[in-house]
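Presented below, as structure tokens, is a lone chain in the form predicted alone.
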Amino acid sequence: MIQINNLRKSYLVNGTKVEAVKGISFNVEKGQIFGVIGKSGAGKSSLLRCLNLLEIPDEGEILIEGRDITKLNPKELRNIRKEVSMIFQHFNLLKNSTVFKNVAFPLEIAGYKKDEIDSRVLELIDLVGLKDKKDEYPANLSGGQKQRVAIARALANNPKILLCDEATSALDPLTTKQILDLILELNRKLGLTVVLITHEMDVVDRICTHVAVMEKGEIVEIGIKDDVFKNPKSKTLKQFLQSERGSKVIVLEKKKDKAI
């Protein structure tokens, strides 16, 4: 489904070249929920944004179903972006548009007829559990509801791949669980391939089938999530696992104190 070969991305920072992604290669198979985890500055966002060419890589190939999207012309790229949709940490909704209009927006741009748009939007709003909110504006929605709108909008053109850029980082734990459950349901119901980046262990542990660990622009571990987590090799993953276990111990101790 997705094949990345020797991907490199750098930026000029105060006149100095800084490599964000350093010759990364990996594959994501159809139907996987593939998590990329790492600390801030590890290169996760740059990697993800290269997958739909929001960032143009310096070198390498990005093949989606065998087509190298780095070699597409603008029209071909617009078409491929219908198959590779994205949701963001801060939702990126149109503030002056209702839920219905936000979800309808990509369909209007694509030139669908009004009756087709109306039918598809209502279907999507129902799918993400917001049927009663279709006429509300983003300012009247909770964070979780805003992200559900963003997910519905991302699904408008029937994408095959969903990219998630820290999609739950701005949400509280309960809402995070609900959004992750929704992504998992969409993966199972629609056969979506999902690639997500995060610095939260619980996100990867809850829904990912496969995981890659990034350090300083490189993938230092990759594989089936359970296998990687059971036998961590990198400093980053060992620290994340230690922190996660420590948090769980603290929660258990608090529960014991309350029982006493």
Partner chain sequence: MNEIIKLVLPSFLDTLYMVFLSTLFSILLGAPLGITLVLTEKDGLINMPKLNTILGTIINITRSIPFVILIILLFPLSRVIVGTSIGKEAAVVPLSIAAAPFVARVVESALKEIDKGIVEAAISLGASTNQIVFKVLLKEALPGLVLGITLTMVNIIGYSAMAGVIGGGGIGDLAVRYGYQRFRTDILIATVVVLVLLVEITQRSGNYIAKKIDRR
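Positions refer to the first chain, counted from 1. Bear in mind that the values here come from a model prediction, so they are computed numbers and not experimental data.
Beyond what is shown, the protein has a form predicted in complex with the partner chain; the following relates to that form.
Within 4.5 Å of the partner chain in the predicted complex, a heavy atom is found for not a single one of Asn14, Leu47 and Ile56. The partner is not drawn, yet in the predicted complex one stretch among 119 to 127, 168 to 176, 74 to 82, 181 to 189 has residues with heavy atoms inside 4.5 Å of the partner chain: 74 to 82. For Ser142, no non-hydrogen atom is located within 4.5 Å of the partner chain in the predicted complex, even though that partner is not displayed. Looking at Asn158, you'd find every heavy atom of it more than 4.5 angstroms from the partner chain in the predicted complex. Residue contact with the partner chain in the predicted complex: Phe100 places no heavy atom within 4.5 Å of it. Proximity of Lys113 to the partner chain in the predicted complex: non-hydrogen atoms within 4.5 Å are absent; the residue sits far from the partner.
Of all the residues from 82 to 102, those having a non-hydrogen atom no more than 4.5 Å from the partner chain in the predicted complex are Lys82, Val84, Ser85, Met86, Phe88, Asn92, Leu93, Leu94, Lys95, Asn96, Ser97.
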